[in-house]
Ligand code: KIV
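Just the one chain here, the form predicted on its own, laid out as structure tokens.
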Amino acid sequence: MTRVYVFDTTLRDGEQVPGCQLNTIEKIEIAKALEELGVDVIEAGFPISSPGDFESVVEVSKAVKKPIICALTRARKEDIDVAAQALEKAKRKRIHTGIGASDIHIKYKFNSTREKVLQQAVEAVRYAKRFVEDVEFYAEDAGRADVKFLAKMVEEVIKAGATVVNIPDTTGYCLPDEFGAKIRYLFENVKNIHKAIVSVHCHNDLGLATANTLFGVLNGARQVEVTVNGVGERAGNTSLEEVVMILKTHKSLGLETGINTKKIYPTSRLVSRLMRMPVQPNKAIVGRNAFAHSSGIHQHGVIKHRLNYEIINPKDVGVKTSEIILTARSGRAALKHRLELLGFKLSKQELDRVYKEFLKLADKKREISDQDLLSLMGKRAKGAIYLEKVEVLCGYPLEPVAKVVVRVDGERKEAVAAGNGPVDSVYKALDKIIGRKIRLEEFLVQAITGGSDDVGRVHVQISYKGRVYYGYGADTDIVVAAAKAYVDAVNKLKVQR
């Protein structure tokens, strides 16, 4: 197997997403998670861009020992000086410098010429070599660059000492075969190409970042520049989890990474939480629905044998198990499977009767929970919570306070709690009643149709003793919807534990 190195730029390119900036403490937490994940290089920041970024590179350099710590610069001496200073404490260090390679960038961004840009690139690499042995050069907008000029630039910066050459599709413009051909051309026409590692850094403007990265690797690139969850500028960067699992799943390619794939899902959730950027439900590998099945045909197939509809074992990426989501599209096999997990053994005739009632309920509720099934079977889960009342006092400058009333096994219970917002105060009141240490992992609010009088739908993800539970709630009052979602998730915990 041939090794492909994973260069993670979540803390630099990924962190450039508007509204998702990380402070130094958060960057250190993610950096440590990336170290456990097994990435080879962490691009910790762009030191000259701000004092905060400089400090982050310094602190990440101190906190992380195994991966190479990389700092980004422009092809300017002052940038390189600051990067070298920020990397002083790093055990393994790399300076990542570069300049535009496309005629569009040369003309409209730098107001320069090919000859001047080429000279600046070589000088930047030579200067960076004074501080570190490991220098990576990026040819920005290489995806739209003239391939002959790009080849000349790559050859010259390798001569100047570049140990890694980064070929970015900065605007996500290239088609996969086109990008692959560009990498192949470099291997065929740059005399000293084997003296450096060729890296690919692709953006997702046309949804082709992963495909372009894969074609780059298939044509000789041996470093992939990626982010967790595919976060990044505009439509994002190449997704770490997608590239890693493609190579793991297609063993016939003879390529492997050093990633501990069982850490993928928890790392994804950490990045999502700290960047305050929810992962879309249908996101490959780490989305909420990546291992969820709601179609009756698919459910039947998965129940019979997982490989019928799952090419990845969820445990391989850190997900506990697949989910069978019961909806009006579900068949008898899925209903029978779920009822058996709840302890009900039904004859064919009994299943037919229950299935008819199930469909009536599913047409009304969209999704059927275990608590719904218990009610359908004439039973209630012991300790199940039924929400009766939610009252919240909030507003500026008041401290939000919530009173929640529920019924548990016929007994009325209530609690009052203060929080940093109306939803937080409701959840703290519910936690008093529940009496367990539950962690809220994800909170997502969606409008169903639109308008100020719309019904809001809340999705939550909670964890308890290492297991994850999802909950859903809908109401015209978003705080009530949030309470319903939390109770729904907790009831699943009570049924399944």
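Quantities reported herein were computed from a predicted structural model and do not represent experimental measurements. Residue positions are given as counts along the sequence shown, with the first one as 1.
There is also a form predicted in complex with the ligand; it is not shown, and the following applies to it.
Which is the contacting stretch out of 136-144, 87-95, 390-398, 340-348, given heavy atoms within 4.5 Å of the ligand in the predicted bound form?
Looking at the partner contacts, the answer comes out as 136-144.
Proximity of Lys182 to the ligand in the predicted bound form, heavy atoms at 4.5 Å
Residue-level check for Lys182: no, no contact with the ligand.
Taking heavy atoms only, is Asp13 within 4.5 angstroms of the ligand in the predicted bound form?
Asp13: yes, in contact with the ligand in the predicted bound form.
Is Thr170 close enough to touch the ligand in the predicted bound form, meaning at least one heavy atom pair within 4.5 Å?
Judged by the heavy-atom cut-off of 4.5 Å, Thr170 is in contact with the ligand in the predicted bound form.
Indicate whether Leu72 is a 4.5 Å heavy atom neighbour of the ligand in the predicted bound form.
Heavy-atom contact with the ligand at 4.5 Å: present for Leu72.
Of Asn204, Asn166, Ser425, Ser369, the one that lies within 4.5 Å of the ligand in the predicted bound form (heavy atoms)
Contact check passes for Asn166.
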